[in-house]
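Listed next as structure tokens is one chain, alone, in the form predicted alone.
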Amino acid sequence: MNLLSILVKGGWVMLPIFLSSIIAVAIIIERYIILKKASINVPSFLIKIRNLLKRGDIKGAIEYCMEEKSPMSNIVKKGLKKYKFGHQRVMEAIESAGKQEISRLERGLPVLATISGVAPLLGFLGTVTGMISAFMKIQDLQGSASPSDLAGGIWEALLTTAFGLIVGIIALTFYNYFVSRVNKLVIEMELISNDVVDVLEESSKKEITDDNLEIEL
């Protein structure tokens, strides 16, 4: 029995389940690639950024962020571009960029969550329509229906239930996996953002202290 014959035996309910599975697979592949690219070596990135900022090399830090091409580096880059406007503007830029990056990381996940809930329900709907079809057959044959007469409705009921559950379980599993990956990336973004702001503040305090010392001397 090939896939086409299985879809035909499942009745019309198999069509939305099949379309849901295609959408879910597309989202899973796309999100997996995006989230994998978003991951960076946080300690290495922090060490490099700290060294550049402590030397006052803001331009070098921005160029390094542009080379990294990750959500974390984008957030830091947008913050550093506002450096000349003061720390408040840096923090506002980092916060705004963080929201944008989180939104990009979560793109498609609501659809995946919807499929994880709707696919099993479609399967149960197929169960109901299959049983209705079987009972209508019994009524048409006035109770003398053989098992082969009922096979069509039973096939529809079983196949839609099985495929609905399979699509729903796979979609839910990957949804939870992606949500945990996004949460981990958000924590790393907060860690890097706070660290960059702290280094900038320490650097500015050091400049002020040095200026005061020069005045006193």
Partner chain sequence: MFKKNTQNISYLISFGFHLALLLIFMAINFSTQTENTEYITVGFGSFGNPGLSGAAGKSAQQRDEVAEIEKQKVQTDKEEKKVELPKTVNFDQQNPIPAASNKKEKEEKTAIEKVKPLKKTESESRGEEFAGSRFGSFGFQIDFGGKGIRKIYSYILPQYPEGVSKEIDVKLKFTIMPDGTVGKIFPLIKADAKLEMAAINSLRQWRFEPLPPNAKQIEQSVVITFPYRLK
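Residue numbers count along the first chain shown, from 1. Bear in mind the structure is a predicted one, so any value in this text is a computation, not a measurement.
In what follows, reference is made to the form predicted in complex with its partner chain, a form of this protein that is not presented.
- Contact check for 18, 22 and 26: all three have a heavy atom within 4.5 Å of its partner chain in the predicted complex.
- Though the partner is left out of this view, residue 55 does not reach within 4.5 Å of its partner chain in the predicted complex, counting heavy atoms only.
- Using a 4.5 angstroms limit between non-hydrogen atoms, residue 33 touches its partner chain in the predicted complex.
- With a 4.5 Å cutoff on heavy atoms, residue 104 counts as touching its partner chain in the predicted complex.
- Among heavy atoms of residue 59, none comes within 4.5 Å of its partner chain in the predicted complex.
- Of the candidate stretches 59-67, 33-41, 46-54, 177-185, only 33-41 has residues with heavy atoms within 4.5 Å of its partner chain in the predicted complex.
- Along 75-93, a non-hydrogen atom within 4.5 Å of its partner chain in the predicted complex is carried by no residue at all.
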